[in-house]
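Okay, so here's just one chain, in C-alpha cells, the form predicted on its own.
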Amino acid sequence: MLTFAIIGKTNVGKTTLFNAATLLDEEISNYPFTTKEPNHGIAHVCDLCVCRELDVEDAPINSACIDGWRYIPVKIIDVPGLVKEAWRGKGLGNRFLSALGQADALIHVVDASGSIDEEGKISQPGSGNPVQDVMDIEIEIELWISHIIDRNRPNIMRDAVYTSYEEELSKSLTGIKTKPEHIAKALVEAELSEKPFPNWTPEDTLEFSHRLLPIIKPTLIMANKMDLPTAEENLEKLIEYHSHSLVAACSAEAELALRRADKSGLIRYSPGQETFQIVDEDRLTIDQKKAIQYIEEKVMYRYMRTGIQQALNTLAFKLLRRNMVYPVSNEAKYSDGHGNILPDAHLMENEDQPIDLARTVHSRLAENFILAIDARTGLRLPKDYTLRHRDIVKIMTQKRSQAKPS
C-alpha cells in the first residue's frame, strides 16, 4: 500500500490535514509538539471509476465507489513537527526522520498565512516566512541523509571493493527506500559520477543528498490556511521560489469541517468535490451556519475545492505516476469468481506488467501466471505489455504439475 508522510513545522496544520484525510480524532492544539508520536491512518486517492464507462453497477471490495468515483486506500502518517538541527536529534527529530523513511512521497504542509515563527509558535498573520519554512525542512532532511552516509562511510569504502560505491550507497540508505537507480540518477545530477567516493568532501555529500531527496521522496508543498490574510500573496512566493516542486493551495480546517458535517448528516459532501448540499438547514445552529458560509466564501468560492483530496490524487497519479488497474476473473461480466463486478482496484507502478498485477493480487497467482487478457477487447496482451491507467485485466493461470515421488 502506498504510504504518504505529512511533514512540516509545528502548528502549520499537519494534524488537522491528517484528521481531514482520515477522520481520526487525533488531538489538535496550537502549541508545539502536540504530535509526539507518528499517527498512522488510512486515507484514499480517487479517480473516475470505470463503472461509468461500462454502465455497470459495481461491488467494490478492496476500495469504494462513491458517485462514480473509485477511492483506493493509502497509508498516511502524521509525523512530529520538525525544528532546526532535528538531524542531530533536537526536539523530536529522530522520531520524525524515522517515520519519514517509511514514506513513498511527502506532503509538506506550510502555513501560507505566515502565522508561525521560526520555532513553530503561533504569531500574527504575515509575520512568518513560509518560503523559508519550506527551505528549513528540506535542509534538515538533506543533512539527515548526509549524516547517514557519513556514519556508514567506513563500511561503504570497505564493501565497495567487492561490489561498487553505487551499490553500497544504496545499501546504506535502503531504510529510506533508496534503490541503486536512485543513486545513479542523483550522482549524475550532483555531477559526482566521475568523482571517486573516497574523495568526496562534506559539500559533495550534502549536494548529493540534495539531489537524492526529490528522487526518493517526491514532495507536494501544501500551502495551508489559505482562508487567512496574506495567504494568497505568500502562495505566489512559494510557487516562485520552489518552482522545482508542486505547490497546491488548501484549507485543512475547511475540509475537516465538511467531512465531519457530512458524517453527522448535516450536509452531503464527497471528498474532492466542488460543492456540498445542506440536508436540513433547520438542524444547523447559528455557529454552524456561520461556519458553512465562511467555508463557502473563503474557500469553495475562491478555490473551488478545499485542496486536500486533490493533493492525495496528485501524489499518487502525477508525482508517483501510479495507474489504477482493475483485475477480474470473468472478462465478459467484469467480475471475480463470486460474481462481484469490478471488486478490486490496485495502484500499479508506471512500468508494471500483468505479472506484477498478478503478484499484487496474490503470490500464487504470479507463480501460476501464463498470460493476461484485456477485458474490454478480449484480446491477449503481449508478454511485455505495460499496464495503463484504468486497464481492466484478466489473469490466466495454470496449475503447475508436481513431480511424483520416485
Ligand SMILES: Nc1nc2c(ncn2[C@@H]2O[C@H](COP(=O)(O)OP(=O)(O)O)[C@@H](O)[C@H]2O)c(=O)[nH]1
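This one's a predicted model, so the numbers in the text were calculated from it and none came from an experiment. Counting begins at 1, following the sequence as shown.
Another form, the form predicted together with the named molecule, is not on view; read the next lines as being about it.
For the three marked residues, Asn11, Lys14 and Glu253, a heavy atom of each sits within 4.5 Å of the named molecule in the predicted complex. For the residues Asp104, Glu168, Glu140, Asp227, the 4.5 Å heavy atom test against the named molecule in the predicted complex is passed only by Asp227. The candidate stretches are 282-290, 330-338, 218-226, 239-247, and the one lying within 4.5 Å of the named molecule in the predicted complex by heavy atoms is 218-226.
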